[in-house]
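Have a look below at one chain only, the form predicted on its own, in structure tokens format.
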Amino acid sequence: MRKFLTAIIVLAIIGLVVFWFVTMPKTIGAEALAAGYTPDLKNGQEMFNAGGCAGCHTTAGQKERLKLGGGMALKSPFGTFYAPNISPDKQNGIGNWSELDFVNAVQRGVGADGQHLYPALPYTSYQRMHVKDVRDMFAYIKTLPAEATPDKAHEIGFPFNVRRLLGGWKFLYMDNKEYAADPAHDAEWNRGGYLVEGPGHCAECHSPRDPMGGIVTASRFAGGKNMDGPGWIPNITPHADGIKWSKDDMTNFLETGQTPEFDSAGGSMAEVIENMSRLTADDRKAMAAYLVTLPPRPGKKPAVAAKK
């Protein structure tokens, strides 16, 4: 009996040690920030728009898209998350954050206080971004107005309010790798792949999720449940259940929100188009080049557009 109890205690200690290391916040070191860097504000604005920052971090009902006081409610099966203030305000925003703090928040989901951030911030996609682009984004955000709006506390219960557990979630769903160009495709396609898979985080909404909230890899881009209300986010792969658009059709949609069927983007997608329309024409074309070549995957068909 003594040997049995000893073995149980040893295993428990080993389990706790493994849990501690697996769930520990993993961060990018200062060495990743190349010396001699000069911010490119134009690129920072492009990344800001591609990332849809204004879509979540503005205050509800606000007309000015560059006042990033936060407060938008993001509903999920695990509770309601509220987008934080990411304006340059030093008390309620990120005005006191260092560049490295911002990089780690965006690419590793770790806040300036060293705690895990919830994946309502789509860092599972943002991890694909190049560090320079994240630095440029931070430099651009610092040029925007400071907003004094305090953050609103998330409405989540136990055990989801135990942030340490997010380390285990990240262990399952993050690999901390930047986007790698595919030599089988040209520069335009790879630029589109980077924007779609990284800052654009298109898969975060257009994919189904498993019970733990992770994207179902085999059904990536094949549509998913609308977290903010009823309905279904459509399958955007070139499958019979999805959309078979030409590159020109997709490019036009990203700029205007108009579909080839003469319908228009609504709901949260209208906000996405607001951001996409601000990208350069070349970047919209690149995203379209990538999106129309996604692997066709079955998924719930989108609603038929009403005839006009």
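Residue positions are given as counts along the sequence shown, with the first one as 1. No experiment lies behind these values; they were computed from the predicted model shown.
Beyond the structure shown, there is the form predicted together with heme C (HEC), which is absent from this document and is the topic of what follows.
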item	value
Contact test, all of Ser264, Met269 and Leu291, partner heme C (HEC) in the predicted bound form, heavy atom 4.5 Å	yes
Stretch from 210 to 218, 115 to 123, 142 to 150, 175 to 183 whose residues place a heavy atom within 4.5 Å of heme C (HEC) in the predicted bound form	115 to 123
Heavy atom within 4.5 Å of heme C (HEC) in the predicted bound form - residue from Gly193, Gly167, Gly71, Pro234	Pro234
4.5 angstroms heavy atom contact with heme C (HEC) in the predicted bound form for Arg128	no
Any non-hydrogen atom of His201 within 4.5 angstroms of heme C (HEC) in the predicted bound form	yes
Partner proximity in the predicted bound form: Val106 to heme C (HEC), non-hydrogen atom cutoff 4.5 Å	yes
Partner proximity in the predicted bound form: Asn252 to heme C (HEC), non-hydrogen atom cutoff 4.5 Å	no
Stretch 37 to 59 - residues with a heavy atom within 4.5 Å of heme C (HEC) in the predicted bound form	Gly51, Gly52, Cys53, Cys56, His57
